[in-house]
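Below, in structure tokens: the form predicted alone, a single chain.
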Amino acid sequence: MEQLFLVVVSGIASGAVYGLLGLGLVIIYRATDVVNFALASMATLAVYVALMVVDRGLGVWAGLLAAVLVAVVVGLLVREVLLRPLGSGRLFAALVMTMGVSLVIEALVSAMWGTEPRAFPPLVAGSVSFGSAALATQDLVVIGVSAAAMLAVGWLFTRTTLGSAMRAAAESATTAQIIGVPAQKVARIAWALGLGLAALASVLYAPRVGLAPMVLSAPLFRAFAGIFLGGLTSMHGAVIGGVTIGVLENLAASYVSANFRDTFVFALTVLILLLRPQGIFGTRSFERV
């Protein structure tokens, strides 16, 4: 029972990271219709800058702030310089553009810092004992910080004027502009918020596996699985889907086989999508043809 408890808690910690990445992707997608494949690469670049801050003796929390700032600035630059000139409705072109940006950033990071994995310090070191087993304190911090960030985003979208404007723009950018919602301002805030969440996720994840140029590739893949499981346009669906993926992959790795954990998780995801294509919390849409 203790082992099962540790596996589930560790899975929730992994899933919280996937949930943060998925939440960032959904916020950007709903505000701008862009699936940002460069999200993980931008966040990875930000964590390397955070490591430079930590190495200068300024502490991990200062590194976290630096990572969020760098990710937001890079994300806004990419949107304003590369994506916005494409115009509205160029979804495929924007998708390809973010893929290209991702490859460029990965090459840049590899050239500047090398490809060898580096250690990144946890926000809180140590472990907590549960019977004869020990749980890393960092896992509990990951869950707590992620939950606080997700609740803050939920409060922003449901309790503030800005959140109402962002929800209106997500439903219909044209209608939102008619009633006076500044669509471009909302889009910039959505990108900043999405990249900030991704940077937070990457700083929480890096201490568990080490820092490398493609450290977030697998988590991004699983975050997408969580998004489709929860529903592409649902923010709480992205979070719940991400946590579900994290727990399932840990259970599969511990009690089935580590080699088949992704197979198990994605087979279940495909099965659910066959039964409910819009995801668990998504809304079925109909288009006139």
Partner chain sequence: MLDRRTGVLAVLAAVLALVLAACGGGPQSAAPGDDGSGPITIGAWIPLTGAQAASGVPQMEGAKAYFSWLNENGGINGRQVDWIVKDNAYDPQQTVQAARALIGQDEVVAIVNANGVAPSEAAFPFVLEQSEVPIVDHYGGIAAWYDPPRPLLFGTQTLYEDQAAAMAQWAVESGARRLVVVHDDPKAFADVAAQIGPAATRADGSTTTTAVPVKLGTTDFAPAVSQVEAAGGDAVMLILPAPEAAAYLKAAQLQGVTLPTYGYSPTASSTTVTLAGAAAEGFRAVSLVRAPTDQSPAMQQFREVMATYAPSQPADFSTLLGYANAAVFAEVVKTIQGPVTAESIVEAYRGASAVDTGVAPTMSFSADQHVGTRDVQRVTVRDGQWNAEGDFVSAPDRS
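Residue numbers count along the first chain shown, from 1. Being a predicted model, the structure only gives us computed values, none of them experimental.
The same protein also has a form predicted together with its partner chain, omitted here; what follows describes it.
K.L.:
In the predicted bound form, which of 83-91, 199-207, 144-152, 181-189 comes within 4.5 Å of its partner chain (heavy atoms)?
P.N.:
Comparing against its partner chain in the predicted bound form, the contact stretch is 199-207.
K.L.:
With the distance limit set at 4.5 angstroms and only heavy atoms considered, check whether 119, 253 and 262 all reach its partner chain in the predicted bound form.
P.N.:
Verified in the predicted bound form; spot residues all in contact, yes.
K.L.:
Looking in the predicted bound form, any heavy atom of residue 11 within 4.5 Å of its partner chain?
P.N.:
Output for residue 11 is yes: heavy atoms within 4.5 Å of its partner chain.
K.L.:
Mark residue 134 yes when one of its heavy atoms lies within 4.5 Å of a heavy atom of its partner chain in the predicted bound form, and no otherwise.
P.N.:
Answer yes; at least one heavy atom of residue 134 falls within 4.5 Å of its partner chain in the predicted bound form.
K.L.:
Although its partner chain is absent from this view, report whether residue 160 comes within 4.5 Å of it in the predicted bound form, heavy atoms only.
P.N.:
Taking the distances in the predicted bound form, the answer for residue 160 is no, it never comes within 4.5 Å of its partner chain.
K.L.:
Does at least one non-hydrogen atom of residue 214 fall within 4.5 angstroms of its partner chain in the predicted bound form?
P.N.:
Residue-level check for residue 214: yes, a contact with its partner chain.
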